[in-house]
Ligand code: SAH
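A single chain, nothing else alongside it, follows as structure tokens in the form predicted alone.
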């Protein structure tokens, strides 16, 4: 079942008005017919809707079941990702959104090879946000996670103080036992930050600065992971723990 996003301005009573590129996709690419059903999300919930008509440059859909499904985690995960080379960030964003992250924050670190000027940063963020939107549609998310502006490592550590729990996958002498203990601290309604280093990894002083501010280190296993693998593994690990062990809203039915 297809999923589309609309703003509050495009919702009127029991009707949703789908415009712009999604309108073109519905009418000219998918060639939907009157009576076809799909999901419409507004950032909070997903409603089951039926296509009623095409009106000017809008697809008019009637809500036939409100709050049809909820696919959001009961914990807000913030992925702080050290800027990687090439198009790795696109893969990381796509998979992180599929896994349920709330927001993705690109971070400039000392060992980052990539350096973005103002012009490149704006175009990159626009591209990354588009990827987040596509991944949110594909994975039936209720909201489109935001890809924020690039921040410094120092700013990332400052923001860690605003979150309930902040972790860094890093060599840890306690191994997976410490990881299990840290995951056990996660509760419904919490905010969880995950900081992933770039290809060159963290500098020792970055780790010291993080742990000195209450950030907890965890292990992702005995093997050395690439930055994109570490990001996907860390988010996936947290997502599975939350889905299996953290009580949130009652599961809603999901239709493919």
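Predicted model, so just to flag it, every value in this text is computed and none were measured. Residue numbers count along the first chain shown, from 1.
Quick note: we don't show the form predicted in complex with S-adenosyl-L-homocysteine (SAH), though the next part is all about it.
Answer option from 164, 158, 171, 181, heavy atom within 4.5 Å of S-adenosyl-L-homocysteine (SAH) in the predicted bound form: Only one option qualifies, and that one is 171.
Region of this chain that lies against S-adenosyl-L-homocysteine (SAH) in the predicted bound form, out of 57-65, 197-205, 42-50, 184-192 [heavy atom, 4.5 Å]: Partner-contacting stretch among the options: 197-205.
Any non-hydrogen atom of residue 69 within 4.5 angstroms of S-adenosyl-L-homocysteine (SAH) in the predicted bound form: Residue 69: no contact with S-adenosyl-L-homocysteine (SAH) in the predicted bound form.
Distance check, residue 214 to S-adenosyl-L-homocysteine (SAH) in the predicted bound form, heavy atom within 4.5 Å: Residue-level check for residue 214: no, no contact with S-adenosyl-L-homocysteine (SAH).
Residue contact check: residue 219 to S-adenosyl-L-homocysteine (SAH) in the predicted bound form, 4.5 Å heavy atom: Because a heavy atom of residue 219 falls inside 4.5 Å of S-adenosyl-L-homocysteine (SAH) in the predicted bound form, the answer is yes.
Touches S-adenosyl-L-homocysteine (SAH) in the predicted bound form: residue 33 (any heavy atom, 4.5 Å): No, no contact at 4.5 Å.
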